[in-house]
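Subsequent text provides structure tokens for two forms of one protein chain, presented individually as structure 1 and structure 2.
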Structure 1
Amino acid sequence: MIRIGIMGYGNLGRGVENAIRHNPDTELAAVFTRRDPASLKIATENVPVVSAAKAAEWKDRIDVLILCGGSATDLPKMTPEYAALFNVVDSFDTHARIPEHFRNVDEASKKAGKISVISIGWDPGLFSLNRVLGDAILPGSRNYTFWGKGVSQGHSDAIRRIPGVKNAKQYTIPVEKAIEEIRAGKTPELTAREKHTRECFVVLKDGADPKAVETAIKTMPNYFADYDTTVHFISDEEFKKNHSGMAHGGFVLTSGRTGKDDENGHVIEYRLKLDSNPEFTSSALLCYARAAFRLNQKGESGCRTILDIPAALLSPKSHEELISTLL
């Protein structure tokens, strides 16, 4: 039994809790929160909710602590802090800051003799794995990443900051034509506009001017100006009814050539279609918690990414079963 701790009980934390029920070699030992533990009701019976401040006391009762905080401010501090006490897994997804995060966490884990696994999920995560595999197998290939259809939290937040906006959701949608071209073996240079469109559903405050809000969205630099953007104004009710989902997904395509004169083209496509972005990420986090536990059991320490962990370590199945049934 792998004793799992969950740090943070938002969408990701609840997703890990659900995933544990699907993985009989894991058990939930405790949920840690920065809120008042008494205010939190978790789904699993007879599992304590503990103040984050007391996590250190659980050092010997937890095999892997899964860190379910946000990447902007929580994880850069949280992961090195808890890596000094536990084997940890996080879903740190600020691509530009991964090398720095890796160094900080690696140092803490090595000192503690523990394993940490960072940036697990689908991007970074499974998409990264596919980018690296494609790049290694087909040197000189081009890889393309498309996101969606799914909600971009950052873009939704940007719309909500516009005066007159009460609520908003922004969907990133991959341009099917671009994907078809790549599937057909072409390697186009694609602008932002040619890769994704943006569709926004906005609830206005009373008296707000829809024309002004639409212009503010469509001309917003970085977020929208470089894209074909559609804006729909909807009611509170419609927003709640049709736009509370957390579906997401995307594509990684690698297009490369082999042969004496590069005469043969090859296209590798990896595609995810996820009804729940956080639950899928949580399921991946739990798998990599299993790997972290096993690596640490073998006496290893330090930070790992999805690129450093063999697939066999993720599965509860024995090596013999894997090679006879799935290889």
Structure 2
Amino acid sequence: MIRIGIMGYGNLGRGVENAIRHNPDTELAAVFTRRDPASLKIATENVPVVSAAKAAEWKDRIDVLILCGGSATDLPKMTPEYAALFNVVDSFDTHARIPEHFRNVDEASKKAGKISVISIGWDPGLFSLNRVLGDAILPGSRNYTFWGKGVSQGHSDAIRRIPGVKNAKQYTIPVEKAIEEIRAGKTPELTAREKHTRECFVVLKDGADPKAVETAIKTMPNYFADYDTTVHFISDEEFKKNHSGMAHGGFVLTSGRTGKDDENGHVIEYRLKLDSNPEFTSSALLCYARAAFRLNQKGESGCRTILDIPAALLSPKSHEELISTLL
């Protein structure tokens, strides 16, 4: 049994807990929280809820710690910190900062003799893998990624960190005209603004300045500054009624050509349609926790990404089962 610890019990943490129930080679050892542990009720019986401040005391009782914090402020600090103690997996999704995050986590993991796997989910994550496959199979091809329509957890979390914001959801919406052009075999040059729009629904705290909040959202680098962004201020009631879901999805399309004179065109399309973004991401985190455990059992250390890990390490099935039933 692989002993799993969960750091943080929000949408992702609850999703990991549910995923463990579907993976009989894993078990939940503990849930760590920055809240008062006595105030937290988890779904799994007889599993302790522990203060995050006491995580180090569990160093020898957990095989992999899955970090369920946000990318804006939590994971840049949290992942290197816990990588010095545990094998860890995170879902860091700020693309522009992944190289820096990798270096920080790699250093901490190597010093500790542990394995860390960063930026796991579907983008970055499964979409990253499909971009690499398309680029390798069709050299010189054009690669396009579209997200949505759906709720971005990372972007929603970033809005909630703005002073004056009580609650928020952000929807990423693909520009359909751009997708259809690529499916038709065209290879347009597209800016971020031409590929997606962003729509935000925000509940303000009492006394908050809506203009200041809207400006903070629309000018936020790496999240909103490069997109046409619409901000709606709504009530708690409307938020609960119309914006409680967590659906998402998207496409990776690669358009390329082969043949002596590039006479044959090819379009590779990979699509995800998710009823629950956090539950799907949590399931990905758990299977990469399995891989992290196996790599560390073989004596490996340092940081890995989805691009570095063989698919066979993700599955509870034996190699013989995999090649006879799924290959």
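Along the sequence of structure 1, residues get numbers from 1 upward. We call the rigid core the largest set of C-alpha positions that still match within 1.5 Å between the two forms. Shifts are known only where both forms have a C-alpha. Please read these numbers as outputs of a predicted model, since none were measured by experiment.
Visitor: Kindly point out the structure, among the two, that is the form predicted together with a further copy of the same chain.
Guide: That would be structure 1.
Visitor: Note yes or no: does the Cα of P163 move by 2 Å or more between the two structures after the core is superposed?
Guide: After core superposition, the C-alpha of P163 moves 2 Å or more between the two structures.
Visitor: On a core-based superposition, does P210 travel 2 Å or more at its Cα between the two structures?
Guide: Shift of 2 Å or more: yes.
Visitor: Aligning on the rigid core, do we see the C-alpha of F201 shift 2 angstroms or more between the two structures?
Guide: Yes, the C-alpha moves 2 Å or more.
Visitor: Report, in Å with one decimal, the C-alpha displacement of E237 between the two structures after core superposition.
Guide: Value for E237 between the two structures: 5.1 Å of C-alpha shift.
Visitor: Quick one: CA shift at L190 between the two structures, core fit, Å?
Guide: Reported C-alpha shift between the two structures: 3.2 Å at L190.
Visitor: So if I superpose on the core and keep residues found in both forms, which blocks of at least 3 in a row have all their CA atoms moved by 2 Å or more between the two structures?
Guide: Runs moving 2 Å or more: 151-181, 188-243.
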